[in-house]
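Take a look at this single chain in C-alpha cells; it is the form predicted alone.
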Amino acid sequence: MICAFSTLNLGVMTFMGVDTRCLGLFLLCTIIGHSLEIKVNPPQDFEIVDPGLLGYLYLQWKPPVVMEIFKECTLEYELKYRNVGSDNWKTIITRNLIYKDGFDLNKGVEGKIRTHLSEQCTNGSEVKSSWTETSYWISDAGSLETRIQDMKCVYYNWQYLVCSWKPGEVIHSDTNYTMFFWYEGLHQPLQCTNYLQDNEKNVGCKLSNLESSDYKDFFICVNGSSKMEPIQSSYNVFQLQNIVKPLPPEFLHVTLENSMEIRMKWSTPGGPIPSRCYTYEVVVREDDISWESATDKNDMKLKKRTNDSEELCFFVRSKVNIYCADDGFWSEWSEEECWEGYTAPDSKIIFLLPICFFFVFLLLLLCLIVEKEEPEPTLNFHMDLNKQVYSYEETLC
C-alpha cells in the first residue's frame, strides 16, 4: 500500500511539473509575440495647400518614420477627402506624396490619410497605421449677404460659355463684380473680358474659344469690390460638357409609309457636337391626342393611333446623351412640322374610282346624245288652189 501510494503521488507530481513548464512556455511566447508585433506610423506633415487656382488644391504629406528593418519596404498611402458636409469620401490608394483635385471653396475641405505596409514585409499580413487628419477653409472677408446669388452657367452648343448672376442681397450702390476662371492647361486664372451688364453693373460673362477645356474641371470665382465694405467671393466648379445646351433640330419632315405607319426625320443641329452625342425627345400630335417618344437617331417610325386622322404634327428637341456627358440642358423645341389631308395610296384609289366612273358615264352619255340626235326638218310649202302639201327633207349628220 505504501509503495503504491508513493508511485501514484510521484506520477501526479510529474504531470503537474510538465503542465507548469508548458504553461510558462506559452506565456513566454505570448509576451514575445506582443513585443514583436509589426507597427507602422502614419505619414508626417499632412496638409492641404491652396496654390491660388480657384479651388484646385494640393493634398501633400511626408513619409512616416519607419523602423530600420522596414526601410526597404514599399509604402502605400490610403487618402480620403471630401468637401465639408458631403456624405461621401473619395478614396485614393497611392505611393506618391501629393495628390491634386478640385473642390468647392464655398465649403471647407477635410482629409485623412494612413500608411499601408506591403505584404512582402509582413509575411502576408495587413498592416495599417492610424489615421492623421487635416482640414482647410479659405479665409474670405465680407458677409454672406454681399456674395452673388443664383449663379448659372450654360455652354451653348459646345461653343461658348455664358454665366449670369444676381447681386448680393445687401450691397452698396458702388458694388461691382468681376469673374475669374481657370482650368488645367492655363498657367494662371484669367479674368473675363466680355461682361454682360445691367445699369453699368456686371451681371454675367461670355467666354469663347475655350480651347482644350472639355472633360476637365472648370473653376470660376466671382468676387467684388466696394469702397464701403469687403465683398465675399463665390466659387463654382463644373465640367463644360455637362452643361451643354445644343441648338434645336432643323428641317423636319413627316411622311406616312402606309395607312398606319408614320416616318419622321430631321437634321442634326449644326455645330461642333458629334452626331453620335445627341439624344432626342419627340412630341407627336395626332388630331387632339399627343404623346412623347425618345430616340438617339434623327429619324423615327411610329404607329398612328387612328386610321382616319385629319392632322398629324410633331416637333423635336435635342440634348447631349449619356455617352458624351453626365448631364446637360435640353435645347429649345424645333418648329412644328405638320401633315394635313394626307390620303394613303389605297385610299387614293378608292377616292379616284367614283370620279373616273363619273367621267366615263358622262362620256358615254355624250356619245349617245350625239348618235341619237336628229337634224332639224326643212319645211316646203306647195300651194295649190284648194289644198296645201307638206314635204320634209332630212339632212344627215
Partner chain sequence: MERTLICLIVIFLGTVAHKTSPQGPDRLLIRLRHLIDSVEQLKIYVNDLDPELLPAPQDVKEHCERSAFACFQKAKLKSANTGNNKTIINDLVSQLKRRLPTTKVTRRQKKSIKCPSCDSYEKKTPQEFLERLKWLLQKMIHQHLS
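Note that the structure is a prediction, hence the values are computed from the model and not measured. Numbering follows the first chain given and starts at 1.
We do not show the form predicted together with its partner chain, though everything after this point is about it.
Practice prompt. Sort through W339, Y56, F46, F70 and report the residue having a heavy atom within 4.5 Å of its partner chain in the predicted complex.
Written response: Going through each option in turn, the one that passes is Y56.
Discussion item. Counting any non-hydrogen atom inside 4.5 Å, which residue from D101, E311, D104, E119 sits next to its partner chain in the predicted complex?
Written reply: When its partner chain is considered in the predicted complex, the option within 4.5 Å is D101.
Worksheet item: Could you tell me if I92 has a non-hydrogen atom within 4.5 Å of its partner chain in the predicted complex?
Response: It does: once its partner chain is placed as it appears in the predicted complex, I92 has a heavy atom within 4.5 Å of it.
Worksheet item: Does its partner chain get within 4.5 angstroms of any non-hydrogen atom of W158 in the predicted complex?
Response: Close contact exists here: in the predicted complex, W158 approaches its partner chain to within 4.5 Å, heavy atoms only.
Discussion item. Is N96 part of the interface with its partner chain in the predicted complex - any heavy atom within 4.5 Å?
Written reply: N96: yes, in contact with its partner chain in the predicted complex.
Discussion item. So in the predicted complex, is its partner chain close enough to N321 to count as touching (4.5 Å, heavy atoms)?
Written reply: Answer yes; at least one heavy atom of N321 falls within 4.5 Å of its partner chain in the predicted complex.
Discussion item. When its partner chain is placed as it is in the predicted complex, are C277, D296 and D326 each within 4.5 Å of it, taking any non-hydrogen atom of the residue?
Written reply: Every listed residue reaches its partner chain in the predicted complex, so yes.
Worksheet item: Thinking of its partner chain in the predicted complex, which stretch from 142-150, 247-255, 260-268, 214-222 has heavy atoms inside 4.5 Å of it?
Response: Partner-contacting stretch among the options: 214-222.
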